[in-house]
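Coming up is one lone chain in structure tokens, specifically the form predicted on its own.
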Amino acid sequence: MKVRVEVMLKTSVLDPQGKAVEHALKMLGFANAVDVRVGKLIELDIAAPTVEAALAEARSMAEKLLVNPIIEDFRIHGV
């Protein structure tokens, strides 16, 4: 089963890449772009017997390796 892990910096953490993208968008005339945040998407193909097992395994992977819980939040969903 394909699983996606979406990782974003916590809202309390400064996102310099997001600020750079926001500035570039404004320079291109997209004045309505505000509070831009940049994250990462990790797509996994997990061979598990059930959807619940695949999601649980992806959560374990995220908690142990894929996410820095001090500065990042994450969401997991099946594709």
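What you are looking at is a predicted structure, and each value in this text was computed from that prediction instead of being measured. When you see a residue number, it is the position in the sequence shown, counting from 1.
Form predicted together with a further copy of the same chain: not shown, discussed below.
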(message) Residue-level question: is E6 within 4.5 Å of a further copy of the same chain in the predicted complex, judged on heavy atoms?
(response) yes
(request) State yes or no: in the predicted complex, is some non-hydrogen atom of E52 no more than 4.5 angstroms from a non-hydrogen atom of a further copy of the same chain? (result) no
(request) Although a further copy of the same chain is absent from this view, report whether S12 comes within 4.5 Å of it in the predicted complex, heavy atoms only. (result) no
(request) Examine I70 and determine whether its closest non-hydrogen atom to a further copy of the same chain in the predicted complex is within 4.5 angstroms. (result) no
(request) Can you tell me which bits of 42 to 79 touch a further copy of the same chain in the predicted complex, meaning any heavy atom within 4.5 Å? (result) I42, E43, L44, D45, I46, A47, E57, S60, M61, K64, L65, L66, R75
